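So this first bit is one chain, no partners, the form predicted alone, shown in structure tokens.
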Amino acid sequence: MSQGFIALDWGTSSFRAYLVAPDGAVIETRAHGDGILSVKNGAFEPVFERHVAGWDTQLPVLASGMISSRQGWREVPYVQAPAGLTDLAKGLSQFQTSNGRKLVFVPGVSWHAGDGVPDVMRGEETQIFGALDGGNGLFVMRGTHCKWVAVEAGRIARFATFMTGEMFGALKAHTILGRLMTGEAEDGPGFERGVRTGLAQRQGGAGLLHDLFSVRTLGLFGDLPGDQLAAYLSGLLIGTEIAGATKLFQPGAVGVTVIGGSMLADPYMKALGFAGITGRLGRPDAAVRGLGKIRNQAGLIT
């Protein structure tokens, strides 16, 4: 019988650990805001041990996300796309903690587009394979950096990153656009108006740098109340992202699978609807399921 394991999804701004039974069922989940950027002086091991205290130290740990990046616990080289489960399994890196825990770090994936500019992901590759039930698909993953990923014949074929989430946070907190904002909602008329403004870039226009100033002017002249301006900015950025991504990936009738918790995924589902694109929610357990698949592929069942 296979042994249970600890699945670790440790990203830039969040920590999630799952105690997984031998049959793949999640026994317990622990989530914290201790992303890798909040860990001081590279003290990843004590932070990890604090959050998984009480879990059997004999259980193997399979870790994905930014924890295997240059800023993380142990840097693991990227696997180059097109990449499948076999490629990820070959790129695993093993490590042992001071108290004897066995950790296995999952590599990220890199992609060099036709223009020669590289793109990278860490963590999303695991969620993709956890959400994938067939050989092909188009996925969008919302986060600080949003990823659009095309899967062909069971392999990550190509992808593109959009800094939508980080741009929203920076513009809201550190520019004049945030001065008139009085709410945090990502819903309502402001959001839809923002999405449709961003989507209009599919037909041309002055572009995002021009459209962004409308966040301020719509508030100044009372066309949008202050509690809708953050929603408008979010919608504008998401709409712009979709406009650009659909040029690259052309989802057509196949549509897009959105991966992420409902708080993050629901606005994208709405925005895709405004764009006339079929959207479907991916599996909520994609990260754990993906780590399980990688573990099986690598023959790490004991």
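Quantities reported herein were computed from a predicted structural model and do not represent experimental measurements. Heads up: residue numbers just count along the shown sequence, starting at 1.
One more form of this protein should be noted, the form predicted together with another copy of the chain, which is absent from this view; the next part is about it.
Residues placing heavy atoms within 4.5 Å of another copy of the chain in the model of the complex fall in a single listed stretch, namely 213 to 221, out of 213 to 221, 92 to 100, 150 to 158, 125 to 133. Interface residue remark: Arg74 is not counted as part of the site for another copy of the chain in the model of the complex, having no heavy atom within 4.5 Å. Thr175 belongs to the set of residues with a heavy atom inside 4.5 Å of another copy of the chain in the model of the complex. Another copy of the chain in the model of the complex is not approached by Asp227, whose heavy atoms all lie more than 4.5 angstroms from it. Although the partner is absent from this view, Glu166 contacts another copy of the chain in the model of the complex, with a non-hydrogen atom inside 4.5 angstroms.
Shown here without another copy of the chain, the chain has Leu237, Thr240, Glu241, Gly244, Lys247, Leu248 in 237 to 260 lying with a heavy atom within 4.5 Å of that partner in the model of the complex.
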